[in-house]
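Only one chain is included here, represented as structure tokens and corresponding to the form predicted on its own.
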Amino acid sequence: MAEKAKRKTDIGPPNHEQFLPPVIKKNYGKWKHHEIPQPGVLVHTAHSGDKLYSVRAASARLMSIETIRLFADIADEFCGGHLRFTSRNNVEFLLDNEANVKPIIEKLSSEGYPVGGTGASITNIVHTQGWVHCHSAATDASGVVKSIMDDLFPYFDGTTKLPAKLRIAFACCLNMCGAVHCSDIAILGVHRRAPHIKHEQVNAQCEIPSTVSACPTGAIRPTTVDGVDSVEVIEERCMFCANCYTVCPAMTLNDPVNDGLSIWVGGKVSNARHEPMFSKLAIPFIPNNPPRWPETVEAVRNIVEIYAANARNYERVGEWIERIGWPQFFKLTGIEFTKYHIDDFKHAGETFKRSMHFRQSQ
């Protein structure tokens, strides 16, 4: 029985311990504190006195094999082949030799990969596939994220300081493959029109029962159009999730005129000083304007600058808004309050402010 237990199988992921640097294996669970000696560099100190250095660089969400090989070569040369990718698309090189920190930074810089994103800064933006790959995308991902990070780069490399760390996320539709529900600032692609049905192609490309059952809100039902079996959409029930298009290519959801982006603020996962928070709507719609999306970039920069100028030290965006109140947030940022900011979900009342006490700016 013991011999059988030792056999290797392809079931489940491999044990993570085999990929850990020796210094982490030796001090696993025995770390004392960490410091940030310079932007993009972390040093963790163990109770034993051992130190682990992490050099963080921004990487693209979609990478070529040449980029992956470059990172692997740098890791082999300077840190025993040990690196990791963070949940926000940064690459971190893990080493225990402080003398190799500067050479890694110089090598990354020479290859065009900036080091930063630690401490009170904007780290790399986590994002989804966008027009490159996703069939339900209301906007691009890589293009918008590149434009935003180019504009906000001083907040990444430590040139410009922030009150606290600031996490930005991007999802190209409300299926939300990105972390837009729990980020300080989030950009979310939105559809505004129900799917356009190509009735003449439904029978050839779709199974009507599967298409009907794919809709989570019951917005699709069978019908007959010009004597041909097809489907129809009850628009007031449609939430633009593209489930129908996934199983029925004849139901096109993408719309160049009406698709665009929305901006959400105030989310966070951290439970320091305040419990985790969900993002809330700030700007309901910004039109797509490729290739650099200037309106979206300006809107995000405006929120970042207002936050940086008015928040207290260590105060995240959601905590800052809660302190000054939402009316003051809209006033400071110049964002128009519209009917779309009023949550009409049937259980939304549980989240409403039910007191007559309104907090003013402090």
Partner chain sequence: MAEKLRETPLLDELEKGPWPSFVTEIKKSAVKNSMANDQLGILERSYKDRIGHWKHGGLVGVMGYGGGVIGRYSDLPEEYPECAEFHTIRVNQPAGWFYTSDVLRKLCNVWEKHGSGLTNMHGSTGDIIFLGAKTEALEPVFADLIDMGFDLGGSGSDVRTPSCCCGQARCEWACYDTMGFTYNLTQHFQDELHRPAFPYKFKFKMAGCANDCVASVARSDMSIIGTWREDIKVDQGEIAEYAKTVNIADDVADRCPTGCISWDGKTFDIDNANCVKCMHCINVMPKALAPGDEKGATILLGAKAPIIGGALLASVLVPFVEMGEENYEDIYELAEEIWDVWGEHGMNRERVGEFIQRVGMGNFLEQVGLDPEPEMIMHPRTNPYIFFELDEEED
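Numbering follows the first chain given and starts at 1. Remember, predicted model here, so these are calculated numbers, not experimental data.
Below, we turn to the form predicted in complex with the partner chain, even though it does not appear here.
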Heavy atom within 4.5 Å of the partner chain in the predicted bound form: which of A99, A204, A272, V228? A272
Is it the case that A120, even though its partner is missing from this view, gets within 4.5 Å of the partner chain in the predicted bound form, heavy atoms only? no
Please tell me whether any heavy atom belonging to T67 falls inside 4.5 Å of a heavy atom of the partner chain, as the geometry stands in the predicted bound form. yes
If you check in the predicted bound form, is E35 within 4.5 Å of the partner chain, heavy atoms only? yes
Is N124 a contact residue for the partner chain in the predicted bound form, using a 4.5 Å heavy atom cut-off? yes
Which residues, if any, of 144-170 lie within 4.5 Å of the partner chain in the predicted bound form when only heavy atoms count? K146, S147, M149, D150, F153, F156
